[in-house]
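First comes one chain, alone, set out as structure tokens in the form predicted alone.
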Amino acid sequence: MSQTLEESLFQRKQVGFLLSPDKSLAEMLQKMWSPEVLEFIVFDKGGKAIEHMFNEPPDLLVVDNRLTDISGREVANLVKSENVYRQLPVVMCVDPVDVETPWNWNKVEVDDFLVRPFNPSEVRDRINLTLCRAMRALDANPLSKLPGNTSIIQKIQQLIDGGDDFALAYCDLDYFKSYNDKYGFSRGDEILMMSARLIVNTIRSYQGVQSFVGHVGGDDFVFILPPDLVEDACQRIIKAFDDIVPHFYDPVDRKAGNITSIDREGNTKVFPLMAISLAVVVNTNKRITHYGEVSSIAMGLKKKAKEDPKSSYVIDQRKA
């Protein structure tokens, strides 16, 4: 059975709370999506919903400014004042009279608003967009701001489902932990930011092709390019990384070409300067059918790449 648009957007069932005395609004929202995709639970009073919300937080909050016991803006600000729920997307429903004068949106913490009379198509798309925006923001790596695991998996599966040929490279920084242990997290973050910029700028230079860069977490990154460009990209990334990374070490360590730090067993050990290993999975002729296969193949390739203490790349040569 083919997926609906919303099923492909959301990946899992979403639950929304509607806080409104407007029965026609409730009926419209409940009919707009299948309950298996986005189910709306309706509260005609704000107070009842707030108590329920903090016990079982929804994925989306739609608040009507027509609430009689508490104003819509009060509900929004109450939710956003709780650190745990700040990421919860809030959409405000208002009447034309409500927006005749400008609102100070710094003081009304909503993510979008809808004005009566409602256009069902606009309501559907703006709520879909609000949910997608929230998922992207939550998924983004907090340091590099690059797409995280969920977006990476979705992108890979999207390419597989579309039957596209692509090459996916996993990039792993070698000896990063020893650097972090010696120089501290702040300087370690500088390495991660440098690596993110280097990979992004390299991939961006291939114009007019389908590409993607993501941050799995820690010192692991991925990028996607057409198969015929990926080897050139690996070579350029390695050269740039090897040219730049020595300058992140103190002069004494840079001159020595190594550092003394602690290994994973707690032993003092000498480590080389950081290197970068790239494991490239190539999917042509629809050889791969699920993103899990990509991850499995990459794990074996990463081990092989890491056998070389210097920066290196390994490209999967298996055919369909």
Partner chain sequence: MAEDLKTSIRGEILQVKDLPTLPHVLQKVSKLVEDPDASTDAIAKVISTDQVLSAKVLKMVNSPIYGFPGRISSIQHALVLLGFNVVRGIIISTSVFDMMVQAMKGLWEHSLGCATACNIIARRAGFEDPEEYAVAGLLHDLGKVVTAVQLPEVHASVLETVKTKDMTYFQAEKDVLGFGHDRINAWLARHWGLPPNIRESMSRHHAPQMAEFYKPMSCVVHIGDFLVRLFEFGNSGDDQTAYLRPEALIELKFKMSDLDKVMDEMSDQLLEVSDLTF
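Just so it is clear, the model here is predicted, and its values are computed rather than measured. Positions refer to the first chain, counted from 1.
What comes next is about the form predicted together with the partner chain, which does not appear here.
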Would you point out which of 154-162, 245-253, 220-228, 114-122 contains residues with a non-hydrogen atom within 4.5 Å of the partner chain in the predicted complex?
-> 245-253
Pick from 140, 194, 216, 134: which residue has any heavy atom within 4.5 angstroms of the partner chain in the predicted complex?
-> 194
Between the options 110, 198, 79, 127, which residue brings a heavy atom to within 4.5 Å of the partner chain in the predicted complex?
-> 198
Check, residue by residue, if 52, 55 and 98 all come within 4.5 Å of the partner chain in the predicted complex, counting heavy atoms only.
-> no
Could you confirm whether residue 207 comes within 4.5 Å of the partner chain in the predicted complex, counting heavy atoms only?
-> yes
Is residue 88 close to the partner chain in the predicted complex, meaning a heavy atom pair under 4.5 Å apart or at it?
-> no
Could you confirm whether residue 232 comes within 4.5 Å of the partner chain in the predicted complex, counting heavy atoms only?
-> no
Find out whether any non-hydrogen atom of residue 94 is located within 4.5 angstroms of the partner chain in the predicted complex, and reply yes or no.
-> no
Counting only non-hydrogen atoms and a 4.5 Å cut-off, give the residues of 175-190 close to the partner chain in the predicted complex.
-> 187, 190
